[in-house]
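Below you will find one chain, with nothing else, as structure tokens; this is the form predicted on its own, and questions on how it binds or moves follow later.
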Amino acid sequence: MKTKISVSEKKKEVLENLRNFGARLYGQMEEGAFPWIKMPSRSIQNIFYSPEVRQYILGDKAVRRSSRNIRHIRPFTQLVWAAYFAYELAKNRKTSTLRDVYYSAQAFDVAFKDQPESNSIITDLETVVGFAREDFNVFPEERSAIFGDLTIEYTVRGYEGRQYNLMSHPDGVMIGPAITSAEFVKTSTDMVIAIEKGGLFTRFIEEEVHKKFNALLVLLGGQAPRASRHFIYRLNKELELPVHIFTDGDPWGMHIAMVIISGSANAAHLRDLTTPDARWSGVWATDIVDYRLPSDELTPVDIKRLYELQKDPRYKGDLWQKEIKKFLKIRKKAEQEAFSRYGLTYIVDKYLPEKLKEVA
């Protein structure tokens, strides 16, 4: 259960990289040069799927922003300010949200036309510094949670050294900055079960899935936030826990699972967000047929999405191709809750043990 690099060590690296970034700019000005920044290009032409890494990665193309170029001054200034803001957050061990970043810039007369522009600059900073925004304490709004026998030790200011077991609250514990940055102390669990929806997450807690399958339960809340994807990665790598992902039986549920497994093009510049050995364990198209689940017709948008996934290099595996073809054949989709037609506990008593055995 020992980590390759502790949370506290990573924080030191983040601060060092941010300081080095500022020092490079200062050094350029001391030499009488207009300060400039070189960073990897995030253009579509520079994003490639790597079968070796099993996720999208950036190519070798780079872009340069120089304060000498009048067209670059605005994004250059925004990026330098974002680095300063991130450094202050990390140094003072404070957290912020992406929305906070957008508004905080106004106090420094740094103009962003909207939050998407602000978010994009934060992503640029990730490529320059080499760490995810969560590592310098910028988080999205929380909506995912975890429940199960895992004892963590807080590293956030004011709670250093305090330990907490994630079974302590019957509704689960939100995966926020304090949980994300915590050290893992001990666990008795054998696996992670990640669940798309809150209703099933609650059902699993009520039916004691964590005990019956000796599992940590993670609520994804739809498309999992990056902090949650990183947390799942840590559970898999540091604790060596296999990960099973349960979603609705439709192309969107498939993609929720795939983003956890192989990431997204938007995060091609980052590692530690993907869990390539995680398993999409349902709801499959074949489950809709085999379990005679209540279902709805696929919409034209659903069908279009399936054809897109069929061509996506992340979906080249046999299971993915088989299930995509099955969806296209039956033209049906089903929600996780559809198993309730057989009773509230059927999904736990019947489906879950059969599925975990099938994908083992």
Partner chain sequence: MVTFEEISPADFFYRNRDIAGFTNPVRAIFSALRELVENALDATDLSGVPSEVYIRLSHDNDTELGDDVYRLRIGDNGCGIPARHIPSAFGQVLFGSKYKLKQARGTFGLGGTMAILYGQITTHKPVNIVSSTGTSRIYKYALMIDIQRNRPLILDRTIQINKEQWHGTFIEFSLEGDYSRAMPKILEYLKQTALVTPYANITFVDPKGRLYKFTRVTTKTPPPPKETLPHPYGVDVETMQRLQRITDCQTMPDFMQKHFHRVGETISLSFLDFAGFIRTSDPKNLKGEDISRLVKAIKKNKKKGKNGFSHNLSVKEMQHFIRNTQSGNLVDFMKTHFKGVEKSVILRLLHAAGFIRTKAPRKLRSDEIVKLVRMMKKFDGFLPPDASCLSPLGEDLLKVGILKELKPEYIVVSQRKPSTYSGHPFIVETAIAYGGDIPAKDDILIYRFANRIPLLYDEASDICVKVIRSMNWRRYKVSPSMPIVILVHICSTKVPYKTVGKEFIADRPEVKKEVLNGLREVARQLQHFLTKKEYVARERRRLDVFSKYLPKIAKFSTNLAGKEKEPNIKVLLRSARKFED
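Bear in mind that the values here come from a model prediction, so they are computed numbers and not experimental data. Residue numbers count along the first chain shown, from 1.
Not pictured, yet referred to below: the form predicted together with the partner chain.
Asker: Go through Val192, Ile205, Val80, Ala257 and name the one with a heavy atom inside 4.5 Å of the partner chain in the model of the complex.
Answerer: Contact check passes for Val80.
Asker: By the heavy atom within 4.5 Å rule, which residue out of Asp290, Glu240, Asp109, Glu160 makes contact with the partner chain in the model of the complex?
Answerer: None of the others qualify; the residue that does is Asp109.
Asker: At 4.5 Å between heavy atoms, is Tyr87 in contact with the partner chain in the model of the complex?
Answerer: The answer is yes: Tyr87 has a heavy atom within 4.5 Å of the partner chain.
Asker: Taking the shortest heavy atom distance, is Pro300 within 4.5 Å of the partner chain in the model of the complex?
Answerer: Flag for Pro300 set to no.
Asker: State yes or no: in the model of the complex, is some non-hydrogen atom of Arg71 no more than 4.5 angstroms from a non-hydrogen atom of the partner chain?
Answerer: Arg71 belongs to the contact set for the partner chain.
Asker: Does any heavy atom of Phe246 come within 4.5 Å of a heavy atom of the partner chain in the model of the complex?
Answerer: The answer is no: Phe246 has no heavy atom within 4.5 Å of the partner chain.
Asker: Name the stretch: of 257-265, 271-279, 109-117, 212-220, exactly one has residues whose heavy atoms fall within 4.5 Å of the partner chain in the model of the complex.
Answerer: Only one stretch qualifies here: 109-117.
Asker: Scan 17-53 and write down, in order along the chain, each residue with a heavy atom lying within 4.5 Å of the partner chain in the model of the complex.
Answerer: Heavy-atom contacts to the partner chain in the model of the complex: Leu18, Arg19, Phe21, Gly22, Ala23, Leu25, Tyr26, Met29, Glu30, Gly32, Ala33, Phe34, Pro35.
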